[in-house]
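Have a look below at one chain only, the form predicted alone, in structure tokens format.
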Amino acid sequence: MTGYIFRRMLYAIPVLLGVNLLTFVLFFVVNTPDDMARMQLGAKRVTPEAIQKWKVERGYDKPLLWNDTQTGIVQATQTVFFEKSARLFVFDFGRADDQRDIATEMRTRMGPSLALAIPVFIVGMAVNITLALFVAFFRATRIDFWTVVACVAMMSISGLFYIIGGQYLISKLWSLVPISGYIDTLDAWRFLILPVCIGVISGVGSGTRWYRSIFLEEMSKDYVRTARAKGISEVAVMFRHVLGNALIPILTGAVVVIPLLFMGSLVSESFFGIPGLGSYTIDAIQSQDFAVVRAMVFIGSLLYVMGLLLTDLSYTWVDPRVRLE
């Protein structure tokens, strides 16, 4: 087990390097350091001296990927890519283009992101699994048919419709909760209840349909027919046998998502004015702040790799037949 975990951690290094390199290339294909300087300086006519000063202060005055003016290994180390990416592996994210410390911003914004993402994840999973078990229990009936139709209809509707519709109906017409905003106090639930409800509702269609297919596949197996032949009630079969043996595919989707909860929701946080990591990433993309974008992509990649490792380890917990050699 220890050797397996160590090997998987070593595999993560080239993955993270590749993701950083790809992010770097894609970003600088669209933008140049001069374009970033002009946007940050906020002036239509910026002198070349001001642009060069901005680049020197932030380390963008060196070549991007390869330094032809040097020799040996320095050709690769004295570049923007190496100096900006190497420090990420020791979790030194540096400063954003507005000179704010990125690590401090991430710690500050992690709380609002988790306050939104964790309830959506837990409540959404509970609702989706419960509905899927209910529908699978009434398989091949009108309840099953019309529930699937409703799920397909909900999947076909854009998430923006739920957000805008919920804001208009719940906040503007009924004035039950604030339409947007956030306060870091005990009253934060007033600002979170609407985005949490919308996040759960918008995922019911796809989640219920996916879990339903998992349960139906398990219900067609021999051990379920054997349990029924022994006289076990259908409810006991569903909850004791079907649900238990469906945990591996459920964990595959759930455990991978857990680390990504720290990254926040890009759309929901932006629309509801929640100062989380998702809105932080959107703002960085709009302002072409490569330092923030690079840090967020690195953290997202690292958490995703950790999620895959956690998924593999969780298999041994739910199914003793699985062993990691």
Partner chain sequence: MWVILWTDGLVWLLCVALLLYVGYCLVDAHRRTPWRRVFSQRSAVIAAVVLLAFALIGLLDSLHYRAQLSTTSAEQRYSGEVRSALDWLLPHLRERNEKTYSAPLATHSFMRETIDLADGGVRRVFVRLRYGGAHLADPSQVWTDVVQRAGAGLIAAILGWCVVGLYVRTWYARMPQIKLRTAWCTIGVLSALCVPVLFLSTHYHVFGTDKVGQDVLYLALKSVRTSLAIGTLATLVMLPLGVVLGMMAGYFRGWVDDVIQYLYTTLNSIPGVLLIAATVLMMQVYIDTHPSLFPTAAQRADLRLLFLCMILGLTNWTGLARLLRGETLKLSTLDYIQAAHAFGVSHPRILLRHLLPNVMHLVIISLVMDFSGLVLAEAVLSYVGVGVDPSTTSFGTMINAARLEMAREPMVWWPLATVFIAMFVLVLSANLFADAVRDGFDPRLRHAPSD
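Please read all numbers here as calculations on a predicted model, not as lab measurements. Numbering follows the first chain given and starts at 1. Just so we're on the same page, rigid core means the largest C-alpha set that superposes within 1.5 Å between forms.
Another form exists, predicted in complex with its partner chain; not displayed. Remarks below refer to it.
*Asks:* Residue 265 versus its partner chain, in the model of the complex: is there a non-hydrogen atom within 4.5 Å?
*Replies:* Taking the distances in the model of the complex, the answer for residue 265 is no, it never comes within 4.5 Å of its partner chain.
*Asks:* Verify the contact flag for residue 84: yes if a non-hydrogen atom of it lies within 4.5 Å of a non-hydrogen atom of its partner chain in the model of the complex, no if not.
*Replies:* Output for residue 84 is no: heavy atoms all beyond 4.5 Å of its partner chain.
*Asks:* Does residue 315 reach its partner chain in the model of the complex if we count a contact as any heavy atom within 4.5 Å?
*Replies:* Contact with its partner chain, no.
*Asks:* Residue 241 near its partner chain in the model of the complex, any heavy atom under 4.5 Å?
*Replies:* No, residue 241 stays farther than 4.5 Å from its partner chain in the model of the complex.
*Asks:* Is its partner chain close enough to 168, 172 and 286 in the model of the complex that each of the three has a heavy atom within 4.5 Å of it?
*Replies:* Heavy-atom distance to its partner chain in the model of the complex: all three under 4.5 Å.
*Asks:* If you check 193, 106, 125, 216 against its partner chain in the model of the complex, which one has a heavy atom within 4.5 Å?
*Replies:* By the 4.5 Å heavy-atom cutoff, the listed residue in contact is 216.
*Asks:* Have a look at 223, 146, 138, 161 for me and say which one sits with a heavy atom within 4.5 Å of its partner chain in the model of the complex.
*Replies:* None of the others qualify; the residue that does is 161.
*Asks:* Would you point out which of 184-192, 152-160, 91-99, 113-121 contains residues with a non-hydrogen atom within 4.5 Å of its partner chain in the model of the complex?
*Replies:* This holds for exactly one stretch, 152-160.
*Asks:* For the stretch 265-295, which residues lie within 4.5 Å of its partner chain in the model of the complex by non-hydrogen atom distance?
*Replies:* In sequence order, 266, 267, 270, 271, 281, 282, 285, 286, 288, 290, 293 come within 4.5 Å of the partner.
*Asks:* How about residue 278 - superposed on the rigid core, does its CA move between this form and the one not shown by 2 Å or more?
*Replies:* After core superposition, the displacement of the residue 278 C-alpha between this form and the one not shown stays below 2 Å, so no.
*Asks:* Checking residue 301 here: with the core superposed, does its CA move 2 Å or more between this form and the one not shown?
*Replies:* No, the C-alpha position differs by under 2 Å between this form and the one not shown.
*Asks:* Core aligned, does the CA of residue 313 move at least 2 Å between this form and the one not shown?
*Replies:* Shift of 2 Å or more: no.
*Asks:* Check residue 28 against residue 87 at the C-alpha atoms and report closer or farther in the model of the complex, compared with the shown form; the change is 3 Å or more.
*Replies:* Relative to this form, closer in the model of the complex.
*Asks:* Shorter or longer C-alpha distance for residue 31 and residue 100 in the model of the complex, given it differs from this form by 3 Å or more?
*Replies:* Compared with the shown chain, residue 31-residue 100 is farther in the model of the complex.
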